[in-house]
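The chain below stands alone and is given as structure tokens, in the form predicted alone.
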Amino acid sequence: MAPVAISPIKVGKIDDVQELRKANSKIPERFVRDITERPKLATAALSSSSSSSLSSDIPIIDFSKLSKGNKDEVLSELLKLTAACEEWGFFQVINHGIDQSLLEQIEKVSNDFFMLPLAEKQKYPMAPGGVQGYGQAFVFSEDQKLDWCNMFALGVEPKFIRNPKLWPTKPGQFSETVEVYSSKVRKLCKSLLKYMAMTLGLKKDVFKEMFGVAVQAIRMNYYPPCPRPDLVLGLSPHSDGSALTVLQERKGSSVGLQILKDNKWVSVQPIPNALVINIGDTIEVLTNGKYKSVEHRAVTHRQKDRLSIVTFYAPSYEIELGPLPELVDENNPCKYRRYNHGEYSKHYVTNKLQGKRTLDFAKIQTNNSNQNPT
């Protein structure tokens, strides 16, 4: 969520999906996806009581065993974490140490914000091409397809990325809850990166020392019920530009998150009080592709809404990134160039969501790469 200056752009009319839902309006053409992009009705209509057959296979990491377990428990959990990072790029963390009451409070203030009158929410507008405030991010043209989603996003750390005018006064306790919640999630991200370093045979503080004052942002996504979930997407397919992303879903939400696994979209059934973690592009680069960021998207539901709270954790904008030398050898040649993380962040937020295409920014092109364009 880089604080970059963006040239004036024309995005056309962006309808508020909650208002469309209230009015029982016909879905505007800008939300209707091309046939090749539409989710299959069977997956688009998932309810919270059903999930695809593979969703239960997504790895579960018991954080308490990593942080407080005996030697055998730690080793066992590290092996699970290794497999999760290598084979899935996604995993759920249970017993993560964040109080259930705080999880419930961030869900409540997030939901309460989205339930405010539109005029109140529009006091905190997301500028065209911007990524902070209320609206839709990653929209850069008047004919671009829109997601069936309302977003509210804030830069959190370091302080200079914050826009104080976008921090709402309503609902009460919103800002205080975001502050406390973000500090707990930040601590969890630091710990997870330490254990991930151990799975790679690296010094456990390698990411902490490299990242400097890490960048952190939070985004709340609200997906109202959609009368034609087979025609729209809640969120376009993409990978995250962060190092780690932490996802919390409100209890009772529809099943909406899907990840691309073996060229198939797999729905993720969240475990109560667990957090869903995914690897971002930054970790893929640093591990020279050993741990890959994974393309994911959100689908909608005909009757049920969905609320998610997403935290992005990434290195300081000032640092130079590239594959760690320990993970490059003759059998694993360097796949990514070195670059400034701030430049990549700017590249990421000034391009629409297009699968993993933004990572082309860092890839070292080979003669073979042109034979299989993405």
Ligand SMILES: COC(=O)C(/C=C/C1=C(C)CCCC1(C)C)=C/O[C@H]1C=C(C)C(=O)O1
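Keep in mind that this is a model prediction, so the values were computed, not measured. Residue indices: 1-based, along the sequence shown.
One more form of this protein, predicted together with this ligand, exists but is not displayed; see below.
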Q. Open vs blocked: this ligand (in the model of the complex) superimposed by pocket C-alphas, blocked if 3 or more ligand atoms lie within 2.4 Å of a backbone or C-beta atom?
A. blocked
Q. Are all three of 219, 242 and 349 close to this ligand in the model of the complex, meaning a heavy atom of each within 4.5 Å?
A. yes
Q: State the residue from 78, 115, 260, 161 whose non-hydrogen atoms include one within 4.5 Å of this ligand in the model of the complex.
A: 161
Q: With this ligand left out of view, choose which of 312, 336, 31, 63 has a non-hydrogen atom within 4.5 angstroms of it in the model of the complex.
A: 312
(Q) Just to confirm the contact call: exactly one of 341-349, 32-40, 319-327, 65-73 touches this ligand in the model of the complex at a 4.5 Å heavy atom cutoff, so which is it? (A) 341-349
Q. In the model of the complex, does residue 287 have a heavy atom within 4.5 Å of this ligand?
A. no
Q | 4.5 Å heavy atom contact, residue 84 and this ligand in the model of the complex | A | no
Q.
residue 98 versus this ligand, in the model of the complex: is there a non-hydrogen atom within 4.5 Å?
A. no
Q. Heavy atom to heavy atom, is residue 155 within 4.5 Å of this ligand in the model of the complex?
A. yes
